[in-house]
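Take a look at this single chain, the form predicted on its own, given in structure tokens.
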Amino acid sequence: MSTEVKVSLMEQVQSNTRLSFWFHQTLSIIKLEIRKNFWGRRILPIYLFSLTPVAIFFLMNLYPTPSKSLGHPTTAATIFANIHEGVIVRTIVFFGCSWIFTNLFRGEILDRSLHYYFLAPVKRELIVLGKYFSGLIVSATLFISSTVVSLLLYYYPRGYEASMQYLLAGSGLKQAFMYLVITGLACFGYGVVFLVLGLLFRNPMIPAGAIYGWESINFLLPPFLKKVSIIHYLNSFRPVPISEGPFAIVAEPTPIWLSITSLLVIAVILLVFASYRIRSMEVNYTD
């Protein structure tokens, strides 16, 4: 075997070993951060916040209509579609992700513990990846669970037989799946945005409020500006059409495959930026 081949094989082995080592380091950070995010004191408000739509539907079941009916299935589906987008995605998921992901780094600074990560023999880029995926797992688990329970409580007044017929014989199962996909992708997209805000701003709530305003007026924006938002790509997955009002500017919906690709590209760009930012980041707890 020639010397060049031996050197190439050794380099390949070293590269595979390095990638395996980085993978296990990232996995360790994810496990550590999940424990902190699931059981830390800062997550308690999010537990209560994620239960808001569940509480709404629970109260609706306590005081049902005399007929205990949601009317026509199409009407019922439209009502839930509006609640899911207006309450769960635009409010619960948005502000929940804002709290979870901005605190991934700001919380460490407030606790004066971020320097432990920086002093550890681990690449800072892996810290960013580990923290992001831990926040994604926590937020998706909470908000997807909230969506599932909300769906069950919403259709409970129709009775078991009618609900099962709607889910299994009608389009209800597909609609329910798409609601879970939208919730998960909202955590994916908003999470990476708020992770970057937590790295850039001392008080990320101000830019988070600006982003919320931009997302809220998305229906009024011209088509080329609609694409500069997360909600535009989430709307491509709507299982039920929703009216945005008489003043909405209608735009051609983005195909689902392009929406997924766009969200992935946005996430990669922002994670690369966050990795670049954290390389030069210095911890000064006195600030």
Partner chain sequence: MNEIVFDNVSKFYGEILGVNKVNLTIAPGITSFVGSNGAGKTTLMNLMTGLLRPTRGKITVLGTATDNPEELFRKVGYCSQFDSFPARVTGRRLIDSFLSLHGYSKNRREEMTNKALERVNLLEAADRKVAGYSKGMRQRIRLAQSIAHSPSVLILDEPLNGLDPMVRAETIALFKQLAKEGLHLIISSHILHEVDMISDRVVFLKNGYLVAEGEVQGVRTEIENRPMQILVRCNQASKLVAKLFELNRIVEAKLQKDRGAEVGSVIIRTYDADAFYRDLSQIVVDSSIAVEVIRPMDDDLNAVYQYLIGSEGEGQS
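Everything quoted here is computed from the prediction, not taken from an experiment. Residue numbers count along the first chain shown, from 1.
Another form, the form predicted together with its partner chain, is not on view; read the next lines as being about it.
Using a 4.5 Å cut-off to its partner chain in the model of the complex, not one of T74, G86 and H232 places a heavy atom inside that distance. Only one of 113-121, 188-196, 205-213, 90-98 places residue heavy atoms within 4.5 angstroms of its partner chain in the model of the complex, namely 113-121. Checked against its partner chain in the model of the complex, the residues F247, Y47, W39, F224 give one hit for a heavy atom within 4.5 Å, which is W39. Within this chain, F273 is remote from the site of its partner chain in the model of the complex, having no heavy atom within 4.5 Å. The shortest heavy atom separation between L32 and its partner chain in the model of the complex is within 4.5 Å. Among heavy atoms of T261, none comes within 4.5 Å of its partner chain in the model of the complex. Not displayed here, its partner chain is approached by S28 to within 4.5 Å at the level of heavy atoms in the model of the complex.
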